[in-house]
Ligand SMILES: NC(=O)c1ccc[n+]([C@@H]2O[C@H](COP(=O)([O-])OP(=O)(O)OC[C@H]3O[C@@H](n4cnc5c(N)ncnc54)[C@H](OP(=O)(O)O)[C@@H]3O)[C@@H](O)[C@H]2O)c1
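One chain comes next, on its own, written as structure tokens: the form predicted on its own.
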């Protein structure tokens, strides 16, 4: 598995990271524990050495599960996120110093690590970041030697920009063929600050796999049921036609084309995958290919023109 530097943090990540939100059962419906174990073990067998989770995933269960599988593997890098808790309905956010410090200690215990590799604020608001208490808390934990790098999993470029301004060394952003403007607007600041970028939602929650019928209906408990209206989903599925010319003998699927597009951008330190089965994980890793170069300049230029034609600026 190829590796990339995470900015100036001194950390090197495998290009592919196993994300565990889907595995936790929180976002797409239940996943049995045996499947969770098999996916993590398969990720290790395939050479993935970076794992992304959150204190809230399965109310801490995913951190414990990763700890069991990664014990004794010092090269495995864990990214966890703090600030969301699911004790109530709907889930709530808290980023005050006392809560973050307590949450960090609980995560470190669940992960079985005195020093946690990467800790991110879990989708905070802009005022939260600008206030400074949350960022100062993580910076203090780093100064005390309890974590190696900190940052933010950001829902908007404004939040990421503010966090970078307050010293964040890592930003995790949604970045895919249909949603790239936010991340691209930050590349100069990311480079100047020596920060690293993690790309999540690389397949737009499965949309970019290109397997959905236009009348796709999501089951209860699947967050995608609230993400698009039926008309919006039909439009997005039609827009997939802009990507289809990339699929050929070398790039076998739309899913593979979408992942290769993300990896073509060298400022991306790692792409967070969200498989819910060993089969899905095997497909994703296989279809990424053996790059670099993942896509040629001619391919990305032609794709950008096709995307503009269907109303997407990428």
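Please read all numbers here as calculations on a predicted model, not as lab measurements. Residue numbers count along the first chain shown, from 1.
Keep in mind that the form predicted in complex with the named molecule is not shown, yet the notes after this line are about it.
**Student:** Which one, 243-251, 66-74, 282-290, 39-47, holds residues whose non-hydrogen atoms are within 4.5 Å of the named molecule in the model of the complex?
**Tutor:** Checking each option against the 4.5 Å cut-off leaves 282-290.
**Student:** Among 263, 272, 55, 257, which has at least one heavy atom within 4.5 Å of the named molecule in the model of the complex?
**Tutor:** Going through each option in turn, the one that passes is 272.
**Student:** So the named molecule isn't shown here. In the model of the complex, which residue out of 92, 97, 216, 184 has a non-hydrogen atom within 4.5 Å of it?
**Tutor:** By the 4.5 Å criterion, the partner-contacting residue is 216.
**Student:** Using heavy atoms and a 4.5 Å limit, would one call residue 85 a contact residue for the named molecule in the model of the complex?
**Tutor:** No - in the model of the complex, heavy atoms of residue 85 and the named molecule never come within 4.5 Å of each other.
**Student:** Just checking whether residue 25 would be counted as a contact of the named molecule in the model of the complex - the rule being heavy atoms within 4.5 angstroms.
**Tutor:** Result no; residue 25 lies far from the named molecule in the model of the complex.
**Student:** Can you tell me if residue 110 lies within 4.5 angstroms of the named molecule in the model of the complex, counting non-hydrogen atoms only?
**Tutor:** Residue 110: no, not in contact with the named molecule in the model of the complex.
**Student:** Does residue 178 reach the named molecule in the model of the complex, with heavy atoms at most 4.5 Å apart?
**Tutor:** No, residue 178 stays farther than 4.5 Å from the named molecule in the model of the complex.
**Student:** So which bits of 18-50 sit within 4.5 Å of the named molecule in the model of the complex, heavy atoms only?
**Tutor:** Sequence-ordered list: 19, 20, 21, 22, 28.
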